[in-house]
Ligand code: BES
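In the form predicted alone, a lone chain appears below as structure tokens.
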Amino acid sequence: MKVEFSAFPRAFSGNVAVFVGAEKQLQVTAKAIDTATGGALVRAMEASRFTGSKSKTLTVLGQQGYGRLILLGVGKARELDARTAEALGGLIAADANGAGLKAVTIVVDPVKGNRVPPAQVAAHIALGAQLRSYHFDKYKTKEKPEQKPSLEQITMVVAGSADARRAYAALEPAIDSVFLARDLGNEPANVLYPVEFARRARQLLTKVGVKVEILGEAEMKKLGMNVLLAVGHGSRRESQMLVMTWMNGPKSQQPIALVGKGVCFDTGGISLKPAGGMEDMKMDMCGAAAVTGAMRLLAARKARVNVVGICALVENMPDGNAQRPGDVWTSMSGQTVEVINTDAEGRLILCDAMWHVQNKYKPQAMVELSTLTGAIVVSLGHERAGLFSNNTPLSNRLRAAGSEIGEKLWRMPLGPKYDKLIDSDIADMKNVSNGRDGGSITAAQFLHRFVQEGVAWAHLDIAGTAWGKGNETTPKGASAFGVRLLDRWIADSYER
């Protein structure tokens, strides 16, 4: 979708125009432009309850050159921020596509008292509209024209259009990076299996300057990644380790490590999942998708930082060669793991991936993303991802970044009593505790045992936020939760 920026005019014209502004200011705007509508706006406002409150609209049709004229409220001026602007942009895009519109002009009132300057508001409205325009339809062969997105162009009219254009240019790299992560999450598992995931990442990321290395099973076996490899024993598809490096920071800077869970399909293995909803398990690689999207975004905006992204890519399938409950494996770290439940596979692939990235790259901080537990959905629903960390400053910075870009985190506890629950009678640890109590916490405790001394670590359990029914800027399906969060955290913490 094309986005253009235009200077704020004295008069307004066009087929479809959306006027975005705060409560009192929109009433002034309506009166100022009402001569062009024959008084229709004022009459419509008087006949309705429209006051310009947040996300409320007033539409007038077919008035003197306007096919549709819409007033869109943002509520109180001081409450208008970047996230609200993006949500408004998503609302406009969804409405325009629903109405079959090809072009929309969005006029941002120069409202006094905004926390965010009008140019920034316009840029974030455009970003929100772009993010909402995502449509995964590559496998639909009989989609009707009215079911397809129609919006092709948005023209943002705002005072300081040059500033708005620059602000949007800084935000624009996020669009393709988010779309990449969504595409990976939405692909069916017969198309996107570990080898294909790694191939796509190499093809797409090398174009923006990311160095990509792919480890196969033989190489991982030599490194001692027995726990990771055990998960893929039941699959015909070869497991892969995707390693992406972006080294554009000072040579003296220790890198940051991003680790993603990439179970391209999860049947549960021998501990087979129930059939209902199992089709969604194609999205059990959304942690890896988010890390891949974040690496693309860092490179696309030429981030001045050193980052390593590592994704463990497997399929968890039942087969005569699949691992069994009760098996014991030696991890790359030398610690032994008793497998109690083969459906608790994410932590098994992540422990070896985390150890490898720490051994080879010596990161100062390591953040891991995974659709790890259903228990986190029980705890937090779909509004927030769970955050577990051994480092409070890191935790606080991640939470601040998440709040800033609308991907919220909630810190969960860790502690010795939780850790004791995963002690095994015959090995160093077991992959699940007895019973279901504190399931997301004991999963995090398992990962914590593979964090090396002195490494600031955070685990983000995104099982409740990685996909769903959608919101203002996200259609139904994979959300790409984590792409913008990681980018914002890195920009705020390591590039200033």
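Note that the coordinates shown come from a computational prediction; the quantities given were computed from them, not determined experimentally. Note that residue numbering follows the sequence shown and begins at 1.
Same protein, other form: the form predicted together with this ligand, not shown, and the subject of what follows.
Each of 261, 344 and 373 comes within 4.5 Å of this ligand in the model of the complex, counting any heavy atom. By the criterion of a heavy atom within 4.5 Å, residue 432 is counted among the residues contacting this ligand in the model of the complex.
Contact between residue 283 and this ligand in the model of the complex is found at the 4.5 Å heavy atom cutoff. Of the heavy atoms in residue 273, some are within 4.5 Å of this ligand in the model of the complex. Interface membership of residue 266, defined by any non-hydrogen atom within 4.5 Å of this ligand in the model of the complex, is confirmed. Residue-level contacts in the model of the complex: of 463, 444, 460, 69, one residue has a heavy atom within 4.5 Å of this ligand, and it is 463. Comparing 345-353, 177-185, 232-240, 292-300 against this ligand in the model of the complex, the single stretch with non-hydrogen atoms within 4.5 angstroms of it is 345-353.
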